[in-house]
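Only one chain is given next, in structure tokens, and it is the form predicted on its own.
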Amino acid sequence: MTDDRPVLEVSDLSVSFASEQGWVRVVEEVSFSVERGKILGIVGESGSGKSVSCLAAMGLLDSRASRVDASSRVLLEGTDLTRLSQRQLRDVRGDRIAMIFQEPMTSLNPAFTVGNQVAEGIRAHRGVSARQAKRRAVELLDLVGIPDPASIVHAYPHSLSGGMRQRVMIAMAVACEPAVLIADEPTTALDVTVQAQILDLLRSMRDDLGLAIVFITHDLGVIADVCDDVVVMYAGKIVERSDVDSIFETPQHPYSEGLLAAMPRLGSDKGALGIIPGRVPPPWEFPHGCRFEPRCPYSDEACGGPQVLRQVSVGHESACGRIPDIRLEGIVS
């Protein structure tokens, strides 16, 4: 059973960074939500604003080099995180909302044992003794499928494989049973077998703990495998939003079609993978109209207008102004 009310609701999130060109907006009016027991995928090329949006939502960006617009709202179980002090945010992070980062070796401290690092958050948020926290750490390592967890709690991160380190990160993230888990490309550096194991683990966590998960990735294969809904981002804005089946079968934005064409598929008779020409522009070079227009095969003079999400069917939104005049190709399973 899932609760239909969003446990996390991000509204009109806009973020600017300090640069040599002055303050430039890197994320603009991003809105998404996720319900308990659901997995929302955020997909797009590097530089699309996926990770920045989630880091901003958790208040993890350096306030000296970034700004979150005053109109932005991040509601976690009804509490607006953008209105909390840093001390209040520290009480929420790791307790009600947690994040798994892309590379565990940059997040795990090499000077402390795995057990100490898993237990740290438990002691900080639950106020239990060191003995109780260590016992809970063993239980969590067992929960995420690490063999012989009673021994692994004494191990240091460098002695573990990449897949084991990622499992430790997941154990740390779910230690206090948060309502929301943000997973920032947690399988990118793993081989396909370990990747499948981590995805299975996240699904089981969702089912067993009732987590709401936001899954950031550039891999549409992962999106198809684990997500219920998907947000497609390009150049700091959302260009398409729908349930996962609709995105794959009937994409409603040329960028989504381009991502699908570049996705390797078994049994495909199309020969070489598709490519999207060009690159994601830096924020100070974002076009004034549709940001994908310089790379879009369907662009015309009408594409210079505002890029606004519009409903094209029930539960399916697109920012392409040429829909439904163009026919886009999806993937039918």
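Position 1 is the first residue in the sequence shown; the rest follow in order. Remember, it's a predicted structure, so these values are computed and weren't measured experimentally.
Separately, the form predicted in complex with a small molecule exists; it is not shown, and the next lines address it.
The partner is not drawn, yet in the predicted complex one stretch among 304 to 312, 41 to 49, 291 to 299, 28 to 36 has residues with heavy atoms inside 4.5 Å of the small molecule: 41 to 49.
In the predicted complex, the small molecule lies farther than 4.5 Å from every heavy atom of G59. Heavy atoms of Q197 never reach within 4.5 Å of the small molecule in the predicted complex, leaving it off the interface. The closest heavy atom approach of S246 to the small molecule in the predicted complex falls outside 4.5 Å. In the predicted complex, the small molecule sits within 4.5 Å of a heavy atom of E185. Checking Q102, T113, T250, T82 for any heavy atom within 4.5 Å of the small molecule in the predicted complex turns up a single hit: Q102.
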